[in-house]
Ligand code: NAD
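Quick setup: one chain, the form predicted on its own, written in structure tokens, and binding and motion questions come after.
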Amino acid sequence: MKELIKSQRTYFLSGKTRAISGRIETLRKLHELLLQNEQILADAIYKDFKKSFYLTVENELSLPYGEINRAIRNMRKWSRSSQFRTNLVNFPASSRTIPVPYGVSLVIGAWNYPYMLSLVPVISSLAAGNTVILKPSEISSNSSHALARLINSNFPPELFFVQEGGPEETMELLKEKFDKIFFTGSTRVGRIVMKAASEHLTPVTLELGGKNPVIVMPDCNLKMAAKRLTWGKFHNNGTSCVSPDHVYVHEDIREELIREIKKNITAIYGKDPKLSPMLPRMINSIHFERVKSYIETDKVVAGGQWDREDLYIEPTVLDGVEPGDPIMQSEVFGPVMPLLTYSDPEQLIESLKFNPTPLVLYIFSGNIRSAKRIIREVPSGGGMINDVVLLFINMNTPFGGLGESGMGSYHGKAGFEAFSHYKTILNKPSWFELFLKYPPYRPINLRIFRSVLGKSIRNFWH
């Protein structure tokens, strides 16, 4: 690992990643490589999750394809310098900032979307002109192997390399000095990554999880809310960082919402969801047992079946859940939807303000003005009104968490910025020099400073 990092730093310092034409060529090569090997990637991910080819293309590869195309189209514009006004003391200088790559970057991916959550930040890093070491999750081992074989046999390791391994390899990597670290995963591991990065003062972007709450107001379009909520909660078997984690439903519409959710589970996954190609399996027995333990039989109003050998858990809805229940103590990250009932919306909103900050807050309401107010007042990384999940795939907007749900943002231009340092350059000609800056300082110097500063302050306030 030390030699790999050293070779990448040497390559970066040689200036070979600076040319925009070279960056574009690298991204085009990555696009073609993924496109030509879709079946290999899909076969590997099927071994991990029983995820279908359709879901692999839709969930895992479509966003990287789009991100590559977006970066190629906009890279020259994103790389331009920006002009700024220069203060009077520096007259007659000009001021500008230019985005420059950090250097050697480390991207640590997550198992729930082993391709997409690894490749999207990699694309941003390469577009910004960095070298990349990608550490995919060892939990989705087949997908990790496929990605490593593909990348390492087609890219020079000094530019882009996939380092496989488990927690020990990750910790060894984190001991080394990187110029930028991007981590996607749990809040617990995010703290470890940030602590390790602090030893080298390495900047980090953390994309973490969160118990994303859903508030269903009595004035919402209930049928549409149930349809979108059901799709979003069980999409990718409930293992998305933006999955609706738990649902607060007003007592007046609780029974109707349950009926509609049950109808939509059948409509999406059929009478026997186990046979549906749209429902992947749990990644391993540890996560299976964790999620299964949340299913309290007396609270099941839909689903509740499971098969340990197949790592299958039926899309399940729990009613009558209380804040102190085990399922409410950590992120569900599985196909179990807990419903909590409320009667006073304002009391609910006040309580949510003091909860750990979620990645996304979801609200279903017919009163958009009120919904916007709630999203402004309740801390969260982002928010959606009358839909779920799809905030993540709008690559034209920054995406990121806040507090326990993350730090920094990415996607599109925001991703380019996450892997760039914006260097300020002040260009000053030599034909003029302000005498005030040199000793000896006389009373007139102070009067001039006071006069200039006083006028600028008065102009600011008036």
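Predicted, not measured: the structure shown is a model, and the values here were computed from it. All residue numbers refer to positions in the sequence shown, first residue = 1.
One more form of this protein exists, namely the form predicted in complex with the named molecule; it is left out here, but the text below deals with it.
- Residues of just one listed stretch (129-137, 311-319, 267-275, 252-260) have heavy atoms within 4.5 Å of the named molecule in the predicted bound form: 129-137.
- Contact check for Lys195: no non-hydrogen atom falls within 4.5 Å of the named molecule in the predicted bound form.
- Remark: Pro326 does not count among the residues lining the named molecule in the predicted bound form, judged by a heavy atom distance of 4.5 Å or less.
- With a 4.5 Å cutoff on heavy atoms, Phe399 counts as touching the named molecule in the predicted bound form.
- For the chain shown alone, Gly382 is not a contact residue for the named molecule in the predicted bound form, no non-hydrogen atom being within 4.5 angstroms.
- By the 4.5 Å heavy atom rule, the three marked residues Thr170, Phe183 and Gly209 all count as contacting the named molecule in the predicted bound form.
- Proximity to the named molecule in the predicted bound form, defined as a heavy atom within 4.5 Å, holds among Met282, Leu229, Leu117, Ile363 only for Leu117.
- Note on the partner interface in the predicted bound form: the residue among Leu222, Val189, Val301, Leu339 having a heavy atom within 4.5 angstroms of the named molecule is Val189.
- Contacts between 328-351 and the named molecule, taken as any heavy atom within 4.5 Å in the predicted bound form, involve Glu331, Phe333.
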